[in-house]
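Taking the form predicted alone, here's one chain by itself in C-alpha cells.
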Amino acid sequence: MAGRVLALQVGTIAACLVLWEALARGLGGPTAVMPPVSAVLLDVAANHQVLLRGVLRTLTETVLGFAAGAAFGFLAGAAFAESRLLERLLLPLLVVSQTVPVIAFGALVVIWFGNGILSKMVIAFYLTFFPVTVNTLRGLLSVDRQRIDLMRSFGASPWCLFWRLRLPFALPAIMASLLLGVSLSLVGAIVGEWFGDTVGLGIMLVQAMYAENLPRLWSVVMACGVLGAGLYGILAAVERRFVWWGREL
C-alpha cells in the first residue's frame, strides 16, 4: 500500500513537471514568469554545490529553532495544564506575542543577535512554540475526568497520571502541532535570512530576485519545497509509528 501511494505521488509530481515544461515551451506559457522546468533543472545541476550549502545552512537553523520551540511549547503547555493560574497569567502574553508581524519581530531579532545562525533560530523558535503550547495544553486537558478519578482511586501519583494517561491522550494533538511547527520553522529561518546573510536559501532567494535570475529563483523555491516536504515527511513517519499509543486508549 505504501509503495502504491509513493508511486502515485511520484507520478503526480512528474506529470506536473511535464505540464510545466509544456506550458512554458510548447503552449506559449508565461516564460517571463515561469521558465521551463528544464532550465530550472539545468541551473540546479550547474550550481548544486552552492544550493546544497544553502540547504544545509537553512536546515541547521530550522532544526535547531524547531527543537527549541517544540521543547519550550511542550513544557509551557504541560505547565499550563497543571496550573490554571499560570495559564491565566501567561497564556494571554503568549497570544499577544503572536500578533507581532514576523517581519517586525525578525528585524528586532537581527538587531539584537546579529546576522548569524542564532537570530534565525530565534525566529524559527518564535513561529514554532505557540502552536505546540496550545495543542499540548488542549490535549492534556482533553482526558476524560472519569479516567483520572479511576487511576487516582488505584493510588496513581500525578507523575504516573501524566505519563500513563494525560500524555498518551495528548499525543495526537502534540504531533499535529509539530507537523505545523516544522513548516513554520522553515519559514522563520528563510525570513530571517532575508535580513542579511551570506549563506542560506533565504538570501539566495533575495539575490536571485534582484538579479532577475528566474531559473535560479525557481531552483531555490524547489529546494525550499523539497526541504519542507522532507522535514514534514520525517515527522509524519514518526506520527504513524507512535501515535497509536494515544489512539488506542
Partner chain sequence: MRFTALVTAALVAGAASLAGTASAAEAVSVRLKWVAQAQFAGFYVAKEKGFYAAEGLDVTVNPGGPNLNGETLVASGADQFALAGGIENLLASRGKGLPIVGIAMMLQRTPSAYVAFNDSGIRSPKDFKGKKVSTFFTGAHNTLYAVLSKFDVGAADVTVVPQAVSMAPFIDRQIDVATVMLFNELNVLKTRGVKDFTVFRAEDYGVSFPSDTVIVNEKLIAERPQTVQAFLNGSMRGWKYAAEHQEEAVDIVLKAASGLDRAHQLAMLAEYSKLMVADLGTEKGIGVLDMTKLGAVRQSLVDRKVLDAGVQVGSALAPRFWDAVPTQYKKP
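Not measured: the values here are computed from a predicted model. Positions refer to the first chain, counted from 1.
Another form, the form predicted in complex with the partner chain, is not on view; read the next lines as being about it.
- A single residue from the set Ala81, Leu179, Val110, Leu94 has any heavy atom within 4.5 angstroms of the partner chain in the model of the complex; that residue is Val110.
- Contact with the partner chain in the model of the complex, judged by any heavy atom within 4.5 Å, is made by just one of Cys224, Ala68, Leu59, Val37: Leu59.
- The partner chain in the model of the complex comes within 4.5 Å of a heavy atom belonging to Ala211.
- Interface membership of Gln98, defined by any non-hydrogen atom within 4.5 Å of the partner chain in the model of the complex, is ruled out.
- Remark: Val134 does not count among the residues lining the partner chain in the model of the complex, judged by a heavy atom distance of 4.5 Å or less.
- For Leu90, no non-hydrogen atom is located within 4.5 Å of the partner chain in the model of the complex, even though that partner is not displayed.
- Of the stretches 68 to 76, 102 to 110, 81 to 89, 125 to 133, only 102 to 110 has residues with a heavy atom within 4.5 Å of the partner chain in the model of the complex.
- Annotation for 185 to 210: interface residues with the partner chain in the model of the complex are Trp194, Phe195, Gly196, Asp197, Thr198, Ile203, Val206, Gln207, Met209, Tyr210 [heavy atom within 4.5 Å].
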